[in-house]
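Below you'll find only one chain, the form predicted on its own, shown as structure tokens.
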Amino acid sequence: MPNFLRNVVGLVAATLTTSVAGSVFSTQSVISSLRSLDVEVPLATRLSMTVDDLAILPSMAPLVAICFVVGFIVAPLCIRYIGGNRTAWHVVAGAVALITTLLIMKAVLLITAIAGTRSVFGLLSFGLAGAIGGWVYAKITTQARLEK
């Protein structure tokens, strides 16, 4: 598979993985906030809320993709000028790109785009979803370098 196509496949896979994980983490963060208010959330309700919240994917995925395009352009520059492990830089780029975007949106637009990221825990868990996406991207696109 040509490198360009592998990069596109990697970006799509990373975006989908992160969007699903981010949605699930966000839902669980909201449920955790409810539980801290002594609201009982049965397992069936928790699962139903998690599945229902996947409806945000058509809105979330483009935002995640844009974040990743920027982050995955910066990561190779960091590798080139700072050095280090390629996978690690992409993991960091995925996390930082998402967290930074959400913080900028909150500061500029005065909104929290994703309800589950209102708390520090929620924001960090969304960053974890970005890190997972960065890892997926690095693994898929590393194959292209090995096939040469």
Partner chain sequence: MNKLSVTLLLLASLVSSVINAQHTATETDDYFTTVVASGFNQPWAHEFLPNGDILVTERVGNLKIVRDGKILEQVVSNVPESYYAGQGGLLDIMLDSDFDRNRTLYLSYAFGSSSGNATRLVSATLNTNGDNYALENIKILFTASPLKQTPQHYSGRIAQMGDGSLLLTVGDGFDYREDAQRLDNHLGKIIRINRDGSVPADNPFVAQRGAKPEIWSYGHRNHQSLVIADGVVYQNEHGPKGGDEVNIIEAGLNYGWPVITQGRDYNGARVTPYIEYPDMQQPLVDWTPSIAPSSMAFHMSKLYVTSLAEKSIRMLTTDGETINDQGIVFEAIEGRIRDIAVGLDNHLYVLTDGDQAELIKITQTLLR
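Keep in mind that this is a model prediction, so the values were computed, not measured. Numbering follows the first chain given and starts at 1.
Although it is not shown, the form predicted in complex with the partner chain is what the next lines describe.
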Checklist line | the partner chain contact at V91 in the predicted bound form, heavy atom, 4.5 Å | finding: no
With a cut-off of 4.5 Å between heavy atoms, is S33 one of the residues that contacts the partner chain in the predicted bound form? yes
Can C67 be called a contact residue for the partner chain in the predicted bound form at 4.5 Å between heavy atoms?
no
| query | Should I56 be counted as a contact of the partner chain in the predicted bound form, where contact means heavy atoms within 4.5 Å? | reply | yes
As a check of understanding, the residue in I79, L63, V96, M49 with any heavy atom within 4.5 Å of the partner chain in the predicted bound form should be identified as M49
Applying a 4.5 angstroms cut-off on non-hydrogen atoms, the residues of 17-50 near the partner chain in the predicted bound form are V30, S33, L34, S36, L37, D38, V39, E40, V41, P42, T45, M49
